[in-house]
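A single chain, nothing else alongside it, follows as structure tokens in the form predicted alone.
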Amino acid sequence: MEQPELIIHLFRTEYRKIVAVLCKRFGFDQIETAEDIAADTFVTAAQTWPMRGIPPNPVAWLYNVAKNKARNHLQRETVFNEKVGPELIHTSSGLYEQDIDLSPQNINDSQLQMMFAICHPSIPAEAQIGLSLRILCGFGIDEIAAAFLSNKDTINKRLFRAKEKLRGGKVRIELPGAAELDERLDPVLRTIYLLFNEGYYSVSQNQVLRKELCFEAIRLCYMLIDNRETNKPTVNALLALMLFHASRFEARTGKNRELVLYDDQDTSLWDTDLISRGSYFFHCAASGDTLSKYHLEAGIAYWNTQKTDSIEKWESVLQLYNQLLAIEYSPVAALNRTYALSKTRGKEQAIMEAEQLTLENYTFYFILLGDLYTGIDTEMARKNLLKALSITKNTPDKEAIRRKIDLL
């Protein structure tokens, strides 16, 4: 890997670790300082490596530089007196380096604890995702703005308000106690779930799938699995759900990056390794007596990785959707249910139920109606596909819809 690409790669993988450790050490009050030190570490690498060459162990080099910068920061008189000093009054300078613990165990613990702090219920879900992308995933403000279809100013204000809220609430960077762990785990899982969906149902102008967001969500979920206290059935169910979906990534987009619908996917592109891993975690999710929406969605996703187009498959999917809608209604889930309904009860009944949903601004609503009407009423199929064409913002999707219209 060439030097510029290496620094970019390391920024993606190591920035978040340094921030998590420093923030845990300094406290949430100084999260910007932690971010500045981490960012400045990479600036130093970008200035030094071109002259001296890439060090033998680039990660260790970054950690040492970050430690030194953190130690220098702690020693600065202003910060020492006004913010850090009172807490370190009995600490000798010789302990500074020991305090900045960038060991693998502390990095993992810090990131996990940071996850719970960021997903604190006192801040909105959008802010939780934004902070997760920034602090736990190392995304830049530009990238976060793109993920939310927003702009830098809006994202900066949103993150600033969220940090102030966490600071004002004196939220601690730590794992919740056993008594409140399950309750605090819910927003963490919801954030991971929404982060995955941001990538899986991307509505950015030219991307129908943003794998990097999906894989970051999977990585965060693995962190919960790896910790004994947070390795719960619902966490396993969510991970299984995401792995099943990820197994069809390569088949889900065409050569022009357009979305390829389920019936048209090349099943030879499905990743059997990810399906196997998903099945393992789905099995782990079966322990205990909890049946969450993640269990039900993982069940649906599992059946969608089965290539056989059988009545058993679609009846199982239909029943799982019925259970899912009973515990948490969602118009999109209801729309997806009508696809399974068309497979088990026929297109006419599916059309009747789909049209009752009236999702007027949802592209896939009209694409599905267009497909359901195909072979039954060509004019209605065309009308719905033209409506889908008029509201989709994604250029590759527009081309795919035009091809469907041409085939009518």
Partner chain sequence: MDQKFTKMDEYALIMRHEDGTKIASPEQMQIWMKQTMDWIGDIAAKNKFVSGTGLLFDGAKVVGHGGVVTDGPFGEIKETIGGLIVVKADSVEEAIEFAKGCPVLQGEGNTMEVRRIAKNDGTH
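Please read these numbers as outputs of a predicted model, since none were measured by experiment. Numbering follows the first chain given and starts at 1.
What comes next is about the form predicted together with its partner chain, which is not displayed.
Might Gly346 be said to contact its partner chain in the model of the complex, defining contact as any heavy atom within 4.5 Å? No - in the model of the complex, heavy atoms of Gly346 and its partner chain never come within 4.5 Å of each other.
Quick check on Met380: any heavy atom within 4.5 Å of its partner chain in the model of the complex? Answer no; every heavy atom of Met380 is more than 4.5 Å from its partner chain in the model of the complex.
Under a 4.5 Å heavy atom criterion, is Asp406 part of the interface with its partner chain in the model of the complex? Outside the cut-off, so no.
Close approach of Gly375 to its partner chain in the model of the complex, 4.5 Å, heavy atom: Because no heavy atom of Gly375 falls inside 4.5 Å of its partner chain in the model of the complex, the answer is no.
Of 47 to 55, 22 to 30, 356 to 364, 337 to 345, which is the one stretch near its partner chain in the model of the complex, taking non-hydrogen atoms within 4.5 angstroms as near? Among the candidates, contact is made by 47 to 55.
Please state whether all three residues Leu213, His245 and Asp271 have a non-hydrogen atom within 4.5 angstroms of its partner chain in the model of the complex. No: none of Leu213, His245 and Asp271 comes within 4.5 Å of its partner chain in the model of the complex.
Hey, which residues along 33 to 48 are within 4.5 angstroms of its partner chain in the model of the complex, non-hydrogen atoms only? Contacts from 33 to 48: Asp36, Ala39, Asp40, Phe42, Val43, Thr44, Ala46, Gln47, Thr48.
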